[in-house]
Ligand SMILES: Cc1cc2nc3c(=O)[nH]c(=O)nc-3n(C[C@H](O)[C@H](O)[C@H](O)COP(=O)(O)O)c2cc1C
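Before any questions on how it binds or moves, here is one chain, the form predicted on its own, in structure tokens.
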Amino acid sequence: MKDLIKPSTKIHTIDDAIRLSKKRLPKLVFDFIDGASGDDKLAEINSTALDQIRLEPKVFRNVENRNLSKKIFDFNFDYPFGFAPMGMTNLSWPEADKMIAKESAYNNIPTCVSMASSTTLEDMFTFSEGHSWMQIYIFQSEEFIMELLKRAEGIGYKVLILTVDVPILSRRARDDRNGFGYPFKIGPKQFLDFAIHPQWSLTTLLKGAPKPMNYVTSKSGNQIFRRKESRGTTDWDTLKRIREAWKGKLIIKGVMNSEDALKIKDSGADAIQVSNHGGRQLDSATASINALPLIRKALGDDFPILFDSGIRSGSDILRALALGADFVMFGRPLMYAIGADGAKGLRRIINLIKEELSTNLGLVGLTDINEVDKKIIAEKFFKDIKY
């Protein structure tokens, strides 16, 4: 079937997408997407820390033809990035999950399906044409988790992401201020918020309020998504049980400490994902990009590392690859884009990131994304990086 999506003409930068989505979405929804934990600063710190790493232009290199394809595990992808797991994505716009899944197939990149996604594992696998990876937390019933693993394996999922940096859900002041929660409770404040954003509200009403569909469709029939429920019982024995149960590739997401990374490697995981949850957990944590080179040094050159938190551009992807990542994930730019202009906005933002990545790869004097290393970082800035 011919792809009919035309990129948005309203978006030229990520800031355009943020501005337009803030205007089109209810405040409750935009703040859920845009917000972080505690004082709300860490998400900004993530992006600022990336931006402070300056790259060094190179000249008199023939960079006419450039390759952006990247292999991770046994998968050959067309680009060195994928889509991070995000729960309740359809809040940004109805069928957002489907839009993201279809873009992963269109671009031959992975999309990570949250266990709290608004669309079932089965449908996401179909929409993405098999480009889906699955993400889980450990909480509530471990029996339910094991049910999800068997379900995913039966569908054809090959990669599992275990997110480990949310043993306790952090305080998110914007959500508290707006009365955001699940199940949704609509009082006068929320009703007014929805009323002054009629396009989102009417479209959502027609399509139905988002639900955590992997819970709704559980065979046990009694699983309830509790957003603030503690996951504090997760420990190293939990990892051992997951590793024994899951025969595919296993990524441990939310690692910010070299000692943890080494122990995870020794426990049989196939990769780690350096991440501070996009600034949505420990608000006094360091920026993820600052932890990345230290963890790469501890793990050595060969163990796969994925990276997320703060990625907003093609240059950010180059920076993360230069500091030791093998593959990069991002999430918020997708939500801003969909909130701004639906599937057209999503296509536009992804095209912008691909264009920036290709252009800047050439401007640092390289033609192959697999050649990116610390040498592309300007010496003045590299001296301050412990790598």
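Fair warning: this is a prediction, and the values are worked out from it, not measured in the lab. The first residue of the sequence shown is number 1, and the count goes up from there.
The same protein also has a form predicted together with the ligand, omitted here; what follows describes it.
The three marked residues, 84, 277 and 312, each reach the ligand in the predicted bound form, with a heavy atom inside 4.5 Å. Here is the short version: of 344, 70, 332, 27, the single residue with a heavy atom within 4.5 Å of the ligand in the predicted bound form is 332. This chain lacks the partner; the member of 350, 53, 322, 33 within 4.5 angstroms of the ligand in the predicted bound form by a non-hydrogen atom is 33. Between 303-311, 71-79, 241-249, 185-193, the stretch whose residues reach within 4.5 angstroms of the ligand in the predicted bound form through a non-hydrogen atom is 303-311. Using a 4.5 angstroms threshold between heavy atoms, residue 114 counts as touching the ligand in the predicted bound form. Not displayed here, the ligand is kept clear of residue 178 by more than 4.5 Å at the level of heavy atoms in the predicted bound form. For residue 163, a non-hydrogen atom is located within 4.5 Å of the ligand in the predicted bound form, even though that partner is not displayed. The ligand in the predicted bound form is not approached by residue 204, whose heavy atoms all lie more than 4.5 angstroms from it.
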